[in-house]
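Here's a solo chain for you in structure tokens, the form predicted alone.
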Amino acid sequence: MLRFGRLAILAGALFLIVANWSYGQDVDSVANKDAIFARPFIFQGNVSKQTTTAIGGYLEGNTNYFVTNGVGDGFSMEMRRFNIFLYSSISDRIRFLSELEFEHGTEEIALETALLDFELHPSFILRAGVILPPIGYFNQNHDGPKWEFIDRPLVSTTILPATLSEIGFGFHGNVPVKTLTVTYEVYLTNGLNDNVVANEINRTSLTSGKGGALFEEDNNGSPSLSSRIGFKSRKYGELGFSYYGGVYNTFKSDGLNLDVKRGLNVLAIDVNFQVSRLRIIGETAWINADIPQSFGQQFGSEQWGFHLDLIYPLSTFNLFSLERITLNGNFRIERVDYNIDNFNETGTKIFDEVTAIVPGLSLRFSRSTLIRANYRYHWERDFFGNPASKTGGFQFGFASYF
């Protein structure tokens, strides 16, 4: 975990540097913790006019044209998501929120959120239900219209298991400290299951460890802990530190011991800064998991990854009756390493990693709606470190709240 300590110090230093550079800027006023309520259908453009009951959602679709090592499947169109939100302010201190997601039409239907917040005090709010554990920045802030890129970050979706929804309860709150708002979240949830390793992709995968059955019961009777502390400044942005951990395997059944308890630990750092007109969004995460030796060396006990998004407004203009359209230039670099271990026999590095760059443009009509175009190029090395498989392609798409 020395790598995490160094990155934590670096992130803190970066936050202080940006704080000195970005004076006078006004970044998003809502902390990442409260992103699930910072949606247009609730506030209707004015945070002082929160509705009592509301229905809304978002949709996103895109085209794909990719070629891998000179071979492609041609041009296709994709309707990725159609999500429906329900919200109700039950009383001054109690509110409800839910999100139902339809992916690729009705190929996958999932309940992503169904929670109640009981506000005892702004610094102490009880939350219970189907929640989004605060693993990094993306899991609670994943709505398509908020992002300038068509594909979600690899570190958030293949290292971290976003979008992760779990049943549980806990506390969160905002604590003002001078010019900062310190946010915290602590939850107990059912956690991930045996499919972290018992999966079809033949590698350690927290994403595979998700499952709808976990809304009913814990597979091992040992809750997982998730937590995040964030430091939010209206001028400078937000810096967050997250932890998620617990036992993932079914170690006992009907009183019989099947295995030892096998745990996993996840650490993440996320940043959302503004430097002059340049917005910087990034997330890095480390995973350490106890893997049974019988699964083989392709199941890494350690994984790591990061993404860094740079978003810069190139121009603002009017087009016919549409006013104040912003043209953004965007660039993402990302890398994931699914197996940081070394081969037992030789001591040499195990590979199984992906690196990608994604330049692009986006036309943002408002905070709710945008059209975006990306060129994605990534190279992937297999378990043995053979020459990289190279993929490049274009994507064009849209996303909008309603």
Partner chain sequence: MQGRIWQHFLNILLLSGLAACQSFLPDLPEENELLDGPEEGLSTEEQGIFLAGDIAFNDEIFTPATGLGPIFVASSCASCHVGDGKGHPTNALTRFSQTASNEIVNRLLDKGGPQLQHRSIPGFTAEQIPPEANGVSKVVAPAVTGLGFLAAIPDQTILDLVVQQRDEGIVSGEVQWVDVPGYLKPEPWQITNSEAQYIGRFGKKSAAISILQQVVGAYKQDMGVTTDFDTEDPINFSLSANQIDPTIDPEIPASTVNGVVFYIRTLKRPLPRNQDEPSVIAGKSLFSQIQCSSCHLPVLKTGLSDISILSEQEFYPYTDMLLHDMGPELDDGHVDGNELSFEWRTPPLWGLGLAPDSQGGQFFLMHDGRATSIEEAILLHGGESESMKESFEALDRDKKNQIIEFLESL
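Note that the structure is a prediction, hence the values are computed from the model and not measured. Residue numbers count along the first chain shown, from 1.
Although it is not shown, the form predicted together with the partner chain is what the next lines describe.
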Out of the stretches listed (365-373, 331-339, 59-67, 34-42), which one is close to the partner chain in the model of the complex, meaning heavy atoms within 4.5 Å?
59-67
Does any heavy atom of F317 come within 4.5 Å of a heavy atom of the partner chain in the model of the complex?
no
Could you confirm whether S76 comes within 4.5 Å of the partner chain in the model of the complex, counting heavy atoms only?
no
Does E200 reach the partner chain in the model of the complex if we count a contact as any heavy atom within 4.5 Å?
yes
Closest heavy atom of T106 to the partner chain in the model of the complex, within 4.5 Å or not?
no
Hey, which residues along 267-303 are within 4.5 angstroms of the partner chain in the model of the complex, non-hydrogen atoms only?
S294, F295, G296, Q297, Q298, F299
